[in-house]
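Given next, in structure tokens, is a single chain: the form predicted on its own.
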Amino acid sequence: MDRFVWSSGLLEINETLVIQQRGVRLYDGEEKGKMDVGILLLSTHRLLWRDHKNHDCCIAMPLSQIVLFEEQAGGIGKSAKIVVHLHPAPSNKEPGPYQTSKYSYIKLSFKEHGQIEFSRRLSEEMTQRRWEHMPVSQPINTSTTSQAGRTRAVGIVGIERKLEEKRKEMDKNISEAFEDLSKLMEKAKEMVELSRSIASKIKDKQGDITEDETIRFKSYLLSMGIANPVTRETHGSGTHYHMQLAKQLGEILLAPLEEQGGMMALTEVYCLVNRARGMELLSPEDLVNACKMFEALKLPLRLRIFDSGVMVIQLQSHSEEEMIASALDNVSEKGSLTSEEFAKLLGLSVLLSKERLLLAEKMGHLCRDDSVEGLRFYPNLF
């Protein structure tokens, strides 16, 4: 504690407040300090402590005095602490609350928590050592007679002003971020309009454009998104909205389903559809309700729910017998397969591969071995 000197609490020129924490008691080594609980402040250059009741009582210590520090966990009836090990006090030290001390360390006891964040910020300052790059100089005293009376007010006002400036800067950054997001949404709408315009021109000029060029243009449009997505604003809400959405899903999912072998997990469909819709995102509930209408609208797609609860979208022409036969053939050829191995063979997701194997097992064509090595399927020879 003999490293601390009396201070006015003013932040000096080039010094910045980093963090402050209420409810902190100082220990001189293992002994409680003379002062009561107070406010601990960390700046870029010093560690300051101000008495909670008597704000004129303020002490400070340069961060350059700190050798290292460590955290000390709290317990039943004990507060968490930070143990700060110090260099010896310099010979030309200014007066402070202690002239000498038999300890080479102090403890900061946090009665109202906050020690984790304070320790993190202190570690950052000790690493950056900003006090070496930005030397401080004392504020100029323009009036020696009124300085004593102004010490408390200026110190607190200075800290509050710094915090207010940080808050305003944060608000400004947030506002700029939202402005950038708004501009992005406007550009996205412009791109959708552009894709709609190109699509209509291709339709009008079909005779002047070859089939290869038409396919190439359509692939570009698909990468840009759905030209005219079905939304609640354009088609209302309720059943009519879900019917129109189902029809649009029937158009855009045919090609991906054929590429995936006729079946896709509903989660994959959700990601694919929302990526194509751009800013007009679809909720999971609306997607499920629209998929339930495939059969009623006589669309070539079906929503299927396996016994495990996994939901998939599959082509109406997708044959369950072909799925079972494919699973049995692959397992028989390899002798045994896990769902991961089956997924690699077919190029499917592990989830769908497992459902196919379970379906073949349910029909009596496969049997399982569930061990510590995982779930493995074998041909059913019984």
Partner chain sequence: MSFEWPWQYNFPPFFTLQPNVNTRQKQLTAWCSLALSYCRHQKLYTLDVMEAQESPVFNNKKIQRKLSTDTIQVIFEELRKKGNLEWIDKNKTRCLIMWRRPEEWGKIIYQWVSKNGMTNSVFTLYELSNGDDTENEEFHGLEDWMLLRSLQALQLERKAEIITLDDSKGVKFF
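Remember, it's a predicted structure, so these values are computed and weren't measured experimentally. Positions refer to the first chain, counted from 1.
What comes next is about the form predicted in complex with the partner chain, which is not displayed.
Peer 1: Is E15 close enough to the partner chain in the predicted bound form to count, meaning some heavy atom within 4.5 Å?
Peer 2: Contact check for E15: no, nothing within 4.5 Å of the partner chain in the predicted bound form.
Peer 1: Should R22 be counted as a contact of the partner chain in the predicted bound form, where contact means heavy atoms within 4.5 Å?
Peer 2: The answer is no: R22 has no heavy atom within 4.5 Å of the partner chain.
Peer 1: Given a 4.5 Å distance limit between heavy atoms, list every residue of 356-381 close to the partner chain in the predicted bound form, or none if there are none.
Peer 2: The stretch 356-381, when checked against the partner chain in the predicted bound form, contributes E361, K362, M363, G364, C367, R368, D369, D370, S371, E373, Y378, P379, N380, L381 at the 4.5 Å heavy-atom cut-off.
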